[in-house]
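Taking the form predicted on its own, here's one chain by itself in structure tokens.
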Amino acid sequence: MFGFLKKKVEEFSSAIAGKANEKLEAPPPPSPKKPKKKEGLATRIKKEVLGSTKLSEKEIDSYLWDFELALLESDVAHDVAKELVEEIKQNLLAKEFKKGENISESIESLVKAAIRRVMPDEGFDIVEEVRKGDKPFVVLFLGPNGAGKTTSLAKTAHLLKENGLSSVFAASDTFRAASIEQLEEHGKALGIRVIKHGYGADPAAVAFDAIDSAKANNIDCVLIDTAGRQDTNKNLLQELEKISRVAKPHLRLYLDEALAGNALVERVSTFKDSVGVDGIILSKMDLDVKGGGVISVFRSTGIPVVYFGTGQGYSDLEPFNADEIMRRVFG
């Protein structure tokens, strides 16, 4: 996971360490009779007597430029890459490098700390939200085509069931071929009822009927499946707005692939502005070698990633935790 980003951080840390070690090992310049600058004298004394040095802005700028490009290649959003590079730059300028320390390792720690700070500590717990919320608790699933929305909905139902909470499915994807049958297969496997109409029916009406059924049968949660919408299709987004108005969901969960990279931030922002988004579930997290989208989506949109998928099984849904992400990326 995120092997590309890890490699770039290691390369950057090694390059900066090389420059610092070069300065530490270089012979001291001849002592001028009258030092032009008191600051230059202090720096020279530190190097000669204490065995330490600092890097100037000019010395690190070229490395930072390359690292910013590496972050963009890793799918980090442009504004987040700028923020990270500026923080790393200020920390490097303030850092005093000493002989005998593992400079590459200390720079890597500095970079990791900056990356960690752009991510939230964790998302919210859907199970707890359902437990403390009104009943039936309505969750609207939305997102682009082919991102694993229906599968993630089923995984969420499994998670709720494992914690003693009942669900009903609303088959409000009345557009995609075989979408209702797919949801029914999940319902059969999980022992969950599916409320459906026919293809071409009003998806908002399906959601309304599912909520009515949940009320009548004392069901804890309604999980509403919807047709995939591209963020550029205004008509389909308007239809999604109608479903949201009718269903009045307590949670609107955006589903997408971790592999979406830079496009992730733009897509989430469009759905947020059109329908509203409370949390993000990312599928195929185990296949994402870059990781920039995951790192930057919260900073750019203010919406937390709450869960991520790591496989096709119903149990392959893990709560988002930034420290765990950092551990998986960097060890």
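What you are looking at is a predicted structure, and each value in this text was computed from that prediction instead of being measured. Residue numbers here begin at 1 and follow the sequence given.
Note that the form predicted in complex with a small molecule isn't included here; everything after this is about it.
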Contact assignment for the small molecule in the predicted complex, among V130, L240, I115, A147, heavy atom within 4.5 Å: A147
Check, residue by residue, if G123, P249 and T301 all come within 4.5 Å of the small molecule in the predicted complex, counting heavy atoms only. no
Verify the contact flag for K272: yes if a non-hydrogen atom of it lies within 4.5 Å of a non-hydrogen atom of the small molecule in the predicted complex, no if not. no
Exercise: T151 in contact with the small molecule in the predicted complex, heavy atom 4.5 Å: yes
So in the predicted complex, is the small molecule close enough to R176 to count as touching (4.5 Å, heavy atoms)? yes
Within a 4.5 Å heavy atom cut-off, is K54 in contact with the small molecule in the predicted complex? no
Only one of 59-67, 263-271, 276-284, 292-300 gets a heavy atom within 4.5 Å of the small molecule in the predicted complex; which is it? 276-284
